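In structure tokens, one chain follows: the form predicted alone.
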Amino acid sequence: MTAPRGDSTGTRTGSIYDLGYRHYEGKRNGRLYAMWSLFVESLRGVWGFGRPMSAKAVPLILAGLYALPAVVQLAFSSVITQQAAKSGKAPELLNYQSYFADFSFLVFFFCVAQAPELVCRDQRYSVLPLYFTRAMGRIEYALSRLAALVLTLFVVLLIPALALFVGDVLMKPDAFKAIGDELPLALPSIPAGALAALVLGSLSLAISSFSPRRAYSAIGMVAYILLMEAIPAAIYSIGSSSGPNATDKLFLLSPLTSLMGATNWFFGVPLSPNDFAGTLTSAGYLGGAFVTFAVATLVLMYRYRRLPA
């Protein structure tokens, strides 16, 4: 019996085969390109593009419901103008300043439905190592997801303001003069919408990142908002019965209340005692909203730095 080839001592040796693999010699785009690619993919994921129609239904329906009142007012602008001319008094219309306060729950439900879509599946199916072993780091991953959600929310918040602007211009007899009159009233919607998108996007994504399951993330977001809106109100109600105190500062912990108060600051409208209890001003709520955004973003980045992958 002959000994195996390759060694006179009779030990086995391996054979090398040329499988045709080649080293990548093209351009390496680096981290910024990786972040941009993830940002674009996240935008598509929020709206369900590239997925079945059922994935597109929820974001489109919620965004449509949020914009619907403004679109209806736009559609009937001519009828409203005629009725106002006949009656001699201006009808009660939706306005830029109070629109978010009236329909903010729809934006919140949009976050509950779509924020887990961005971060839960990657944890559940253990694909995060595929991201982190490439040019992209953990912080870049978190910021790319956050930027996509914030931009989506900003668009959702800005569409009703645009519809209200067009509708108000069409109600006036002189369109060019109406544009000049309406523009200063509508412009605060841009920073107010940007702040709301930053706060709600960072908060919902930070909460969603702590669970690989969408249902648990959604429950966590709903529980957090309900508790943060109810607990300060309950503590203030109990404390105010015994005299003046500082319990009204707890309202700064309420995300939706802080955003409503900050919206008043952008529009220069004083806070209504019927809607805002205590001595806090709109500037105080503005600062509370910025603090909420900063803390939520730091929690999100800390979560991904500590996440095993």
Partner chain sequence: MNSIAIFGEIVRVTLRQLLGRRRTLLLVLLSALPVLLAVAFRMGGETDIERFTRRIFDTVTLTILLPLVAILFGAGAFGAEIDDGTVVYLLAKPIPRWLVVAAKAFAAVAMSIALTGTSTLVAGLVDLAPAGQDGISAVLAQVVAVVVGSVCYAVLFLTLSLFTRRALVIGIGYMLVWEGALSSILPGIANLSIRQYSIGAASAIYNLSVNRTVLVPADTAFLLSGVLIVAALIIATWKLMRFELPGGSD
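Residue numbers count along the first chain shown, from 1. Computed from a predicted structure; not experimentally measured.
Omitted from view is the form predicted in complex with its partner chain, to which the following refers.
Novice: Does its partner chain, in the predicted complex, lie within 4.5 angstroms of each residue among L162, K177 and W265, using heavy atoms as the measure?
Specialist: Answer is no for this spot.
Novice: Among V58, L43, V269, L253, which has at least one heavy atom within 4.5 Å of its partner chain in the predicted complex?
Specialist: Exactly one listed residue reaches within 4.5 Å, namely V58.
Novice: Which residue among L185, L158, L106, V166 has a heavy atom within 4.5 angstroms of its partner chain in the predicted complex?
Specialist: By the 4.5 Å criterion, the partner-contacting residue is L106.
Novice: Counting any heavy atom within 4.5 Å as contact, can you tell me which stretch out of 146-154, 110-118, 74-82, 187-195 lines its partner chain in the predicted complex?
Specialist: In short, 110-118.
Novice: Given that the partner is absent here, does K86 sit within 4.5 Å of its partner chain in the predicted complex, heavy atoms only?
Specialist: Flag for K86 set to no.
Novice: So in the predicted complex, does I219 come within 4.5 Å of its partner chain, heavy atom to heavy atom?
Specialist: Yes, I219 lies within 4.5 Å of its partner chain in the predicted complex.
Novice: May I ask you to state whether L170 is within 4.5 Å of its partner chain in the predicted complex, using heavy atom distances?
Specialist: Result no; L170 lies far from its partner chain in the predicted complex.
Novice: So, in the predicted complex, is R138 in contact with its partner chain at a 4.5 angstroms heavy atom limit?
Specialist: Answer no; every heavy atom of R138 is more than 4.5 Å from its partner chain in the predicted complex.
Novice: Using a 4.5 Å cut-off on heavy atoms, what residues in 120-134 are near its partner chain in the predicted complex?
Specialist: Result: R124 alone.
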